[in-house]
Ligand code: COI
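Shown below, as structure tokens, is a lone chain in the form predicted alone; questions about how it binds or moves come after it.
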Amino acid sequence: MQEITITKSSQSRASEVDINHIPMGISFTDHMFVCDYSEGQWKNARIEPLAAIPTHPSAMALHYGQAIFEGLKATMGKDGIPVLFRPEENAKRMNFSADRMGMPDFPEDLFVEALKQLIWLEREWVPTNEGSALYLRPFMYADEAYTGMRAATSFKFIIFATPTGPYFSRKIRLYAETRYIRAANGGTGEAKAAGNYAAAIRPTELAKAQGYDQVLWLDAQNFENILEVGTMNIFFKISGKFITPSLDGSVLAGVTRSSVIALLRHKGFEVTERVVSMKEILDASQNGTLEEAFGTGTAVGIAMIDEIGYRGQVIKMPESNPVSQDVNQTINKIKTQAVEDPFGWIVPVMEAQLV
């Protein structure tokens, strides 16, 4: 693994913001990690002061969309040591996305090491309030200056960070979209590609105009089967059993999703990954067998669902979510080392680990 050089900023801005009471994405830490790809290899791994990125107007990402990203969080563990939650899974998913988008793999050990070194340098930025965290955004884009439709030959990989509080502080309302689609089998829906989110912006704004918080995406053929929510995967508890849409090529493999599945099974619940139809949820709501409904994602954590709007109907979700609330609290406690981590998910960031 190549060495990461570090150039520190002259003065930290951490004291200028209230990192425990700040919305996500409006304030950024002092440094960023940068690595360049050219001539078939990653070079010049470095941490440097956060700054604008020089970009040629013909950078291929701007025209042909070769851009992917990840999202994960650092929380403050015991003894004032920052910890990461399953960063190796984000590294693997980043490379899965890269492969789908015709981009080079990024070394997974360097991915994790870059996170550790950046977080240790920015440890003053890690919030300590419950539900707050330092959100980390690794991303890769084609920076080659070329006008023509082909895979780029040069790329940049960057990680920056932003402190954030809880994403949703209340139950959320979802609008089941029946005009626009997020993904179809064979497309890029299972990759964390920037273009997937660009295509979702207009439908999401339309949903918000009707009083909803997020779009619930349905299948591209008949708008009947549930895929995922705009910023999260989705779970339902029906007759004591949990179900979530299967990863069929149109659904992003969420790290929080897989963690919740593992934790639910660890607690003795049956979890099935399969096709989930809107009719099934409507019927379960009407006959009283729908017991819980929630979304999962890195940014949102676990978000309880209030209702779903679908084809002129409003499907009311259950008032209480005892199991999902317990799972949410357990994951949050694992992330702060308040309880034992039986899965080996937590990666402490220690100064001695740095090169």
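Note that residue numbering begins at 1 and tracks the sequence as displayed. The shown structure was predicted, so the numbers you read here are calculated from the model rather than taken from an experiment.
The same protein has a further form, the form predicted in complex with 2-OXO-4-methylpentanoic acid (COI), not shown here; the description that follows concerns it.
Checking 50 to 58, 31 to 39, 312 to 320, 298 to 306 against 2-OXO-4-methylpentanoic acid (COI) in the predicted complex, the stretch whose residues place heavy atoms within 4.5 Å of it is 298 to 306. Exactly one listed residue, out of 182, 237, 116, 192, brings a non-hydrogen atom to within 4.5 Å of 2-OXO-4-methylpentanoic acid (COI) in the predicted complex: 192. The single contact residue among 164, 244, 250, 231, judged by any heavy atom lying within 4.5 Å of 2-OXO-4-methylpentanoic acid (COI) in the predicted complex, is 231. The three residues 24, 135 and 197 all sit with a heavy atom within 4.5 Å of 2-OXO-4-methylpentanoic acid (COI) in the predicted complex. Put simply, residue 71 is close to 2-OXO-4-methylpentanoic acid (COI) in the predicted complex: some heavy atom of it is within 4.5 Å.
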